[in-house]
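Take a look at this single chain in structure tokens; it is the form predicted alone.
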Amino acid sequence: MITLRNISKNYEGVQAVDDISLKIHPNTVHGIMGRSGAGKSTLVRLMSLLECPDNGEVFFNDCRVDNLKGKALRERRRQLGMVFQNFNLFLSRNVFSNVAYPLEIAGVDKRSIQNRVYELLDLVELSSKIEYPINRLSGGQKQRIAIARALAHHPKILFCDEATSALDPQTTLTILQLIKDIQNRMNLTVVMITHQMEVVKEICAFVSIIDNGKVIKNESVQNLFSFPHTGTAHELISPLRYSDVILKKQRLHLVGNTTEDILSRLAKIYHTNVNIVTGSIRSVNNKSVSNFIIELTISEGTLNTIIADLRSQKISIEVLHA
């Protein structure tokens, strides 16, 4: 269990974290959610022992850890894994040596390093890329390598600071499922720092909402999304707002090989209801040609992503006035 007792952090007069007390249960995925500048990243840096609080105490189980120094601090940090938004991989190293790096600096012998790296790359399903340079990997593959590296020392806690913010929606889902599978397999405590509603809904059991350096909500995800209560919580999870972007009803005319599977995939990946206004499927020269008009409530940015997605599947799209 991670326990924070009245911790605070001030940067040149800005109160980034303001007297936060919080408990994170073991072997769960706990989301820390809030808008940009709310204090999420500072909070995770304090929890992960990258920084010390100005006031307050941090405990792992019953052991105080915020006051550790030198060798004791380094050893405790090795029990923690950290995954960042921008991957933080070494471009000068290939896949193998990126994952091996934390083991090398800890003085682990070469045979053990090799065995552990192979094990981790198999876990994140990238064994075939072991000698690849980092610049040949996709964003999702880079994040898988970053996750593998974070697990090198068999951590008990995995911190993910906006780990999916740089990824497209479909890749985000696969990375979240990977994190959840790893959490279940290794009995990890995972702390997800995010501003993305989808991340919390997809894998978190508990969530704390941060606003102006304070925890304004802390409860199960099920309760939160049923009863948002506070203004900030309601704003973050309201179906009419997401990441400060107003969602609009969009009507699309699709012509091509549009099937129910494709429409259900849209609903799942982009987290929107797909309402079929009208539709038909006809046989033309022994080929099925579908013609659908659908409605979705999405942002302009998501609309553009969906259009590109469907056109890549050779589906013709016209945006109609809803």
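Note that residue numbering begins at 1 and tracks the sequence as displayed. These numbers were taken from a predicted model, which means no experiment stands behind them.
The following text describes the form predicted in complex with a small molecule, which does not appear among the structures shown.
Listed residues 290, 41, 48, 272 were compared with the small molecule in the model of the complex; 41 is the one with a heavy atom within 4.5 Å. Proximity to the small molecule in the model of the complex, defined as a heavy atom within 4.5 Å, holds among 310, 16, 303, 24 only for 16.
Using a 4.5 Å cutoff between non-hydrogen atoms, residue 36 counts as a contact of the small molecule in the model of the complex. Partner contact region in the model of the complex: 28 to 36, out of 28 to 36, 261 to 269, 64 to 72, 291 to 299, criterion any non-hydrogen atom within 4.5 Å of the small molecule.
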